[in-house]
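Single chain ahead, written as structure tokens, the form predicted alone.
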């Protein structure tokens, strides 16, 4: 499956009129295109996928205009293009200002013109992103007092990246998302394991929208806390009168998602009896609604998730081994945030921008002491807990503020800076070697910690440790510190 050049959303009540334009963008320029007939459909697409640009038609109801105004607040990074029917008007010019319209085109549309506009718009957006990164680095290295090194973060060299709505910054997550992109191109079932709050559902959504089934339904079912009868009805459907309360036929998620994907969360909670039904579906694609006399065939891809290791449940006899092996066509493990602390700062910055824009707060940044406390936390709630804390901090901040410890909840504000988090040790234990060996081991540890702290910005590390760039490079090579981390290094 080809890599998308970008994701375009088209909102037009008469979607048939723009189908040729959508086909031109999808086939010739390899964009992923969503055609939506209503604001509700468009909102669902925006919630599920990372959209780069929207094309919205002018209409008599004003639905498109309302959508564009709301989009500026909810998704400020999305480029907005208005498709109009004739010459401009005062009302339209007001809309252009209020919704920050990037450009507007007059219908009837020319496919080549639309494709060129989309290409140039996305190029401009990418240049603006790169300019923002460079400006941030230059700004944070300024000698002005308000940018003093002891107050602000050292600059987030690694900007948070995204796989659709899943945001990450660490090498572990980059490797995981690369594998997930490969898995998306196949038709194999996928098993996602990880603690609560790590983003398993976001990863499942990203896989679906990067697969050949991306334009077909993605339906989600949490299997935890449901009885077998209710879960069977939800997934397989039932006929009217099959049981008390079955007043009408129910299609069931598997048949409703025919041609698409079904995401089964908390798969570890289903009973052994229900596991047999799932195994039949995975083996033969057969679905038998409750009360039906015959089975039906449906074509769905299963993505399952569990916050408990299924391999361990198989060893305990609590989960069928044959179902486990059927589910793990690809097995993806999302690491908890405490195993990738090096991305806490980058994620915090991303969430500051995201929630600052959503709440209309112009937050300038986050102080270094606040970041140190964020990095010291153990995060039993993982990324979800970090995002909730940042959202709370942004809500308490005023326009023009830097987020600091005074905006933090009591749990985070009380964390001792420089102390090891739960389960960690920053101490240096002597191993009984020679003085030369122990000194070199301590030196390697100090250099490695400085590199991680400054996110592999070697100029800052050399200045902090009082070394030349050449001297630092020699120590990195001597102690093998670039092994496995070279992709993060920056000049």
Ligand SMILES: Nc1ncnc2c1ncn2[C@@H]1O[C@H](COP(=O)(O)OP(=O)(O)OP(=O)(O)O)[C@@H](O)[C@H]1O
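Residue numbers count along the first chain shown, from 1. Source: prediction; values computed, not measured.
Note that the form predicted together with the ligand isn't included here; everything after this is about it.
Although the partner is absent from this view, residue 202 contacts the ligand in the predicted complex, with a non-hydrogen atom inside 4.5 angstroms. When the ligand is considered in the predicted complex, residue 233 lies well away from it, no heavy atom lying within 4.5 Å. Although the partner is absent here, residue 170 sits far enough away that none of its heavy atoms falls within 4.5 Å of the ligand in the predicted complex. In the predicted complex, the ligand sits within 4.5 Å of a heavy atom belonging to residue 383. Stretch 190 to 198 is the answer when you ask which of 244 to 252, 408 to 416, 190 to 198, 296 to 304 has residues with heavy atoms within 4.5 Å of the ligand in the predicted complex.
This chain appears without its partner; in the predicted complex, the one residue of 286, 331, 387, 342 with a heavy atom within 4.5 Å of the ligand is 387. The partner is absent here, but in the predicted complex a heavy atom of 165, alone among 326, 165, 181, 373, sits within 4.5 Å of the ligand. Contacts to the ligand in the predicted complex (heavy atom within 4.5 Å) from stretch 7 to 22: none.
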